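The chain below stands alone, shown as structure tokens; this is the form predicted on its own.
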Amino acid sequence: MLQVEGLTKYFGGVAAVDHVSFTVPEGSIYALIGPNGAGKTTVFNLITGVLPPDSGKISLKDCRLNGLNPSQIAAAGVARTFQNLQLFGSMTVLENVVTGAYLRGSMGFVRSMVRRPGISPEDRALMQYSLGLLSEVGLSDKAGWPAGRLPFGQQRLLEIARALASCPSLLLLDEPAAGLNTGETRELTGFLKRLKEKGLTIILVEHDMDTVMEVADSILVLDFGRVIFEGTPVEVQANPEVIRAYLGEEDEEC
């Protein structure tokens, strides 16, 4: 589904992403992990066109993503959520999801944000589709709420529903479990597994290792912008380089 080759991004003289390469199989859940500052979110920003790479190649199947702007990449089938929530707080929960569905129809993003006196058949279909997504994340009973009134964890789930509304072939989730309680995290884990069963390809950045180890097929570990290991959850948990990256060097005198 996605192939990244030699991806590099400098900020000043610092390589935030340093010749990173990986391949994401279609229909899999692929996780990027690493300590804070490892470059995980920067990789997401490069894939989605928020930042231009200094070098490297990004391909979605046969489509070269380098040089495309974020809206063109979204139209190609890539959707994402953000580490810092990006919702329309004064709009309703349902309206937030409908704005994400504009790529499915002809009404356009601006029209999707404007209340109109009449509802067209297309609008009605997109609203029904959006309500279905809200039901999948457990928010259908709050469809009429202002999005800003939702608890933080439910805002996370709303952002996922809005990303799914565009029917992406590749979904990038940046710390989706952040702020979720135990029950919400369990529901999220089950939801991600169901999305995979439906054939959706997911790239996950997440600090909740229990979630990563339960849902990921493969894991790429970054540290200081570089790949230090790639493997299955079992292999990652046993790798000495990964353990050192998270826990530091063992003191031989202790």
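Just so we're clear, the structure is a prediction, and the values are computed from it rather than from any experiment. For every residue, the number given is its place in the sequence shown, counted from 1.
The discussion below concerns the form predicted together with a small molecule, not included here.
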Contacting member of Gln83, Gln72, Ser135, Ser90, with respect to the small molecule in the predicted complex [4.5 Å, heavy atom]
Gln83
Residue within 4.5 Å of the small molecule in the predicted complex by heavy atom, from Gly37, Gly190, Pro52, Gly27, is Gly37
The small molecule contact at Phe11 in the predicted complex, heavy atom, 4.5 Å
yes
Whether Thr42 contacts the small molecule in the predicted complex should be assessed with a 4.5 Å heavy atom distance threshold; does it?
yes
Ala245: touches the small molecule in the predicted complex, heavy atom cutoff 4.5 angstroms
no
Options 55-63, 211-219, 181-189, 28-36; stretch whose heavy atom lies within 4.5 Å of the small molecule in the predicted complex
28-36
